[in-house]
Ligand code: BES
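First comes one chain, alone, set out as structure tokens in the form predicted alone.
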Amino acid sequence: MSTLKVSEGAPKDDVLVLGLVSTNDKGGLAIESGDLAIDTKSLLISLGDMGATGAADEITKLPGNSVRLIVFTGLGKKSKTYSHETLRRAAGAASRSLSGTDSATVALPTSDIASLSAVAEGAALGAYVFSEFRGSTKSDQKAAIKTITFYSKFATSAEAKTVLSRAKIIADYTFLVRDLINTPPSHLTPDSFTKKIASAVRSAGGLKAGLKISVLDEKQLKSQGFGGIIGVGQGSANPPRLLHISYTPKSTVNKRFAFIGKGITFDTGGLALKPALGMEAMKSDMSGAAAVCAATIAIAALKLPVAIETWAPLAENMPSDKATRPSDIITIFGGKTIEVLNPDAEGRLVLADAIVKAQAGKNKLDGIIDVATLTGAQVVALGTRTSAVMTNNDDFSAEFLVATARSGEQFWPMPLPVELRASLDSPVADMANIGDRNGGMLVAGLFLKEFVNPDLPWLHLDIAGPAFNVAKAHGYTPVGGTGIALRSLVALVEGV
């Protein structure tokens, strides 16, 4: 994790990051250096000669006079103000391009503390490198930039220190999510997942930070009736787990939420075996569990006055002589029976167990949120950068979407049409685990809704596409695990 600093003195680093924008459709350019005054004339001539456009995600590097290197990061079209997400992405693209660099000063438009926060967060998120499993090529990999200094007139303010501290926490726990997603399934099983999260909880302070953790193993899950988790995990040599983290703030508890995250550490499809092409990305099928666990620890690190009960149902969906067969009937925690028509629609089964369990506690919940790489239909509907939100409570959804506007993560509300519910009917059980293929994302949401108390505000976040980036890196987003949903969950809690 890069060290973050803020200063208003003369830049001391030999690398300087500035913004670049387009001023018209004829190739006009302008440099945005925030509070730092610079002579731009000769730089603009060189940038024009190099064909720079100032487009988002564009990085242009020039040798400097007072500094060794000037890095220009695109902000798009010139504006009086730039959105926080524009600043966040530009800062992230710059820090991503500076792997192997010891230090740099970033001078981007930060007219207020919120803008400084966005720049700091973006730069911190972009400074990510995953090389844990490299062997002979590890020495060839450039490390993330070590120190980032933000040039700002707010340098001496208490607010500046606060936003840098928050940016570090957000980046630290986003990196935890990314690391877990990028870890191969040979090294990340349900059991090792729980151990990695337990280690993160200890590092965050454990009980002193208000965090408690517990784990149910396969014997306890079976004896207590968690038929969804057992049914999905029984085909694997790596047995399932149910991880529980609770966070109780030291201060007054304003609200109490439950977070549920799908934790399929690898998904072959079970006996409904997936095609080989693309199956390697199924190591990311635990992205929801990673996001909710890391978000809970981040919320504790930020000392936010909201209690969180987090549940991560963890299983490996494998084909074997013990695997659940199409037409098998399982019993979800709480008693509802499910005909498993498709063993590859497994995420909703483990989530159902955890959703019911989360509502069985003594404390009244103000809301429940599940996060899951649940359906390929999400990608068909919304692509790979926009996640879906489904709900039984429009006010809760609207509150969450306000939080996503602050976090910069892209979510879009989707309906739960009642006419699709009948497709989940089964002639032999209470429900089937699949229904109408058309609107498959919505059908999956309707399945989960059956396990939520109608009076309890609930959000279902389908992050199937955005959780794992198989295209090229962009902004602060690397190839591989992205960490989507963590920042929005934190922003939601911050807004309470």
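Only a predicted model underlies this, so the values are computations on that prediction, with no experimental measurement involved. Don't overthink the numbering: it's just position in the shown sequence, from 1.
What comes next is about the form predicted together with the ligand, which is not displayed.
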query	finding
The ligand in the predicted complex: contacting segment from 138 to 146, 120 to 128, 77 to 85, 376 to 384, heavy atom within 4.5 Å	376 to 384
Full three-residue contact with the ligand in the predicted complex, heavy atom 4.5 Å, for 267, 346 and 434	yes
4.5 Å heavy atom contact, residue 274 to the ligand in the predicted complex	yes
4.5 Å heavy atom contact, residue 213 and the ligand in the predicted complex	no
4.5 Å heavy atom contact, residue 342 and the ligand in the predicted complex	yes
Contact flag, residue 285 vs the ligand in the predicted complex, heavy atom cut 4.5 Å	yes
Those residues of 440 to 474 which, in the predicted complex, come within 4.5 Å of the ligand by heavy atom	464
